[in-house]
Ligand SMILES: C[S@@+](CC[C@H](N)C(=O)[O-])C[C@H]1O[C@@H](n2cnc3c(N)ncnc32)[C@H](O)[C@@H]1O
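Okay, here we've got a single chain as C-alpha cells, the form predicted on its own, with questions on binding and movement later.
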Amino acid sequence: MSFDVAAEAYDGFMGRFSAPLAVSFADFARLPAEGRALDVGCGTGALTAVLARRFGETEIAAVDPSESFVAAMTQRFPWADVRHGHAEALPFDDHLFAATLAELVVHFMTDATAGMREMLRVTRPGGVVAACVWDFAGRRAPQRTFFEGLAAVIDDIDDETDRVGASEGELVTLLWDAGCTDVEEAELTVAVEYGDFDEWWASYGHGVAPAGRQLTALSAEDRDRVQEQCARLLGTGPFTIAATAWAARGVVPGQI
C-alpha cells in the first residue's frame, strides 16, 4: 500500500508516534555494531534517523512505495541511499545489509510473506531482520479511540485488526517462515501528549492511512457525528495517548 499524502500530513498524524517507537524498536532489535542498515517502508524517516545515528549517515538506505515520501526523504536525508520501491521486490542486491528493519509496514504489505523473504535476501548472514506493527487486534493502537467513534456511526469499518502482523505472534511466525533463527518477540509502548481534543482531531483530517481515508470519505454530517463520539470518549484534554506495538527480531542463518 502506498500513502498518497504529503509528508507533513503523515508527520502530524503518525509521525509523532513512530518517532519515539523507532528508538525503542532499534533498542529491541539489538543492532550489529557496524555495517549498512535498510529501512523498509521508510515513510517520512522516523526510523531512518535513528539508524543513521547508530550506523553513520553514509551507511543508511531506505525504500518506500510512496512518491511523496521518497521525495521528502531525499531532501531530509540527502546522504542516504533512498529508493522508490516495494517490500515484495526490494531494489537492492543480496546480502548487502547488516540490519534490515520495517517499522509499522508489514500490515500494509501486499504480500507480507514475500516482503519478509525479501528482507532476509538483502541481509547478510548473521545480520538482523526486525519488524513491528501496532497491536490493532488488542485495541492498543494509537487510533483505537478514533475507530471506536467511527464504529458508532458507520458499519463495517476497517479498524486494521485483521491485517497481518497486528496480533501477538504473527510477526514471529513470518520471521520463522522466512528462514530466520533466534526469533524473539516483545511489546513496545510509547505515549504522546495532546494539548486538547482539537489538536488530536486535526491529525485525522488529512486523509492519512485507513483511519483518515475513512473519515474524509464520510459526509460532513457523519464526520461531525464521529467527532462528537470521539470527544465524548476523550474529553477536552489535555490527555496522553499510549500505544503498544508488537515487535519481532531474528537472525539470518549462516556466518559472514
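Source: prediction; values computed, not measured. Just count from 1 along the sequence shown to find any residue number.
One more form of this protein should be noted, the form predicted together with the named molecule, which is absent from this view; the next part is about it.
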message = If the criterion is a non-hydrogen atom within 4.5 angstroms, does every one of 46, 69 and 88 touch the named molecule in the predicted complex?
response = yes
Contact flag, residue 104 vs the named molecule in the predicted complex, heavy atom cut 4.5 Å = yes
ask   = Going by a heavy atom distance of 4.5 Å, is residue 35 a contact of the named molecule in the predicted complex?
value = no
request  = Find out whether any non-hydrogen atom of residue 60 is located within 4.5 angstroms of the named molecule in the predicted complex, and reply yes or no.
outcome  = no
inquiry  = So in the predicted complex, is the named molecule close enough to residue 29 to count as touching (4.5 Å, heavy atoms)?
reply    = no
ask   = Counting only heavy atoms and a 4.5 Å cutoff, which of 199 to 207, 49 to 57, 183 to 191, 35 to 43 contacts the named molecule in the predicted complex?
value = 35 to 43
request  = Using heavy atoms only and a 4.5 Å cut-off, determine which of 92, 77, 147, 108 is in contact with the named molecule in the predicted complex.
outcome  = 108
